[in-house]
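Just the one chain here, the form predicted alone, laid out as structure tokens.
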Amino acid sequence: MREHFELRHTDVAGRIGELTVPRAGVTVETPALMPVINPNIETVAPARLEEEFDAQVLITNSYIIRSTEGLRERALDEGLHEMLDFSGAIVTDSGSFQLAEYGEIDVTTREIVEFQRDIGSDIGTPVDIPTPPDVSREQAERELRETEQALADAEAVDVGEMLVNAPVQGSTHPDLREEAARNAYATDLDVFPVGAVVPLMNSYRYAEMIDVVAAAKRGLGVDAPVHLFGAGHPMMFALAAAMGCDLFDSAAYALYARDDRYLTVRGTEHLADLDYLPCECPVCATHAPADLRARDDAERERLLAEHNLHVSFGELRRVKQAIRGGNLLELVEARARGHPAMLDGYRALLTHADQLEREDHVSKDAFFYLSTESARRPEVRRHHARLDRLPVTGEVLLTEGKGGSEAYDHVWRVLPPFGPFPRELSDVYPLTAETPERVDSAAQEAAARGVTRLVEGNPDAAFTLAHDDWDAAALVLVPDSVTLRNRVVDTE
């Protein structure tokens, strides 16, 4: 077990945890956002990130520091914390980004990890190979072997109390991602970044991003803190957290501000297109769009960066509260409605419902049926599986109504999307679900699959289903042995 990471609350695969960073002497609450600090360009001072935004951890680039003479000497002389004026945890990247961008760097894993240790980094990173999406399997396998060697080289360095990242690569090959994660988890390293996903996010390929993360999670233990490398847009924090990501890093707050772009939880706006600022942060509460546009470039960039930070940290607080409240998927659902690519990501998340179900709580406050996607949630899959534990004999009425009949030995309720259950469970989560009066076909079809599961598990019982005018697509899923009654027609 990795003693430096402890879970406090969970919902779906999302979790609130505590990452103990011994060298900094701090404990970071996750999910956490790590603002990226360019050592050559200071948009928002690290001290302000700590004092005004409550940033507990940030990330900077040790390769740039090492390659810049003045910065290198300052870092070695003063240490990163003094140099950046930041008392929280500091993560350092290794130069892998430069390797991906330019194809060559002049440093080895041993050299950069030792340098990170010497300048006072709290979490260091080896020189892994960030294999981009869509490459051939041969290239992905070859570069994965190089990354695994980098992890072995990092293990061999005496790093003292510094934690070390073990990046998980493998491109868009799920089995390689899972293998890479399993191998990384078997090392003595500490934090597990899922790497080379920025091209997927930049292309709004959120569904494939989720598949990559799901594969990595299958290879990692529950005590492994997971960093989604390069994930800095608040619109996808809830989705990524629900798949089990604990750490995010944002260069977007500064890069987007430099281009006059304004972040929201629904996407990105250009300042030139805004007549109003749809936010309550201090920047938006005291400025109008025209006022921001009139500022000089440096001040406008700073103010937009501050807004971008406020909306990003605010969204992470919403994610945490949703985890505590057991309604993270409701937040994901709301965010999914903000962009078609986010909806693709949510649907991809639900294809991993069985994986999510293994980490999800069996009891929460409420289940809200909000869309056809709700019919595929882990709670529905779990209920169907548990029908195997509920034997029933004789004549059985399955009904959406609340009444019964003495003509039957047993009367069970039917609630789309869950399907049948004994009435005694009516007050048990998730069968207390809030569902719309106009139930859609997806909920009916899920309920029909539940009926099928019950019927197949009890071949000696005789079933009657009294449904509320289900669609033909749902009724065709019900076994032929079940007697069907349309309650709507019966009561007319």
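What you see is a predicted model; the values in this text were computed from it and never measured. Numbers for residues come from their place in the sequence shown, where the first is 1.
The same protein has a further form, the form predicted together with a further copy of the same chain, not shown here; the description that follows concerns it.
Using a 4.5 angstroms limit between non-hydrogen atoms, residue 351 touches a further copy of the same chain in the model of the complex.
Mapping the unseen interface onto this chain, residue 482 falls outside it, with no heavy atom inside 4.5 Å of a further copy of the same chain in the model of the complex.
Contact annotation for residue 52: at least one heavy atom lies within 4.5 Å of a further copy of the same chain in the model of the complex. Residue contact check for residue 152: none of its heavy atoms lie within 4.5 Å of a further copy of the same chain in the model of the complex. Annotation: in the model of the complex, residues 278, 321 and 338 each come within 4.5 Å of a further copy of the same chain through at least one heavy atom. Of the candidate stretches 278-286, 87-95, 106-114, 166-174, only 278-286 has residues whose heavy atoms lie within 4.5 Å of a further copy of the same chain in the model of the complex. Distance criterion of 4.5 Å from any heavy atom to a further copy of the same chain in the model of the complex singles out 207 from the list 207, 157, 201, 305.
Though a further copy of the same chain is absent from this view, in the model of the complex it lies within 4.5 Å of a heavy atom of just one residue from 266, 182, 295, 72, which is 266.
In the model of the complex, the residues of 305-321 lying within 4.5 Å of a further copy of the same chain by at least one heavy atom are, in order, 310, 311, 314, 315, 317, 318, 320, 321.
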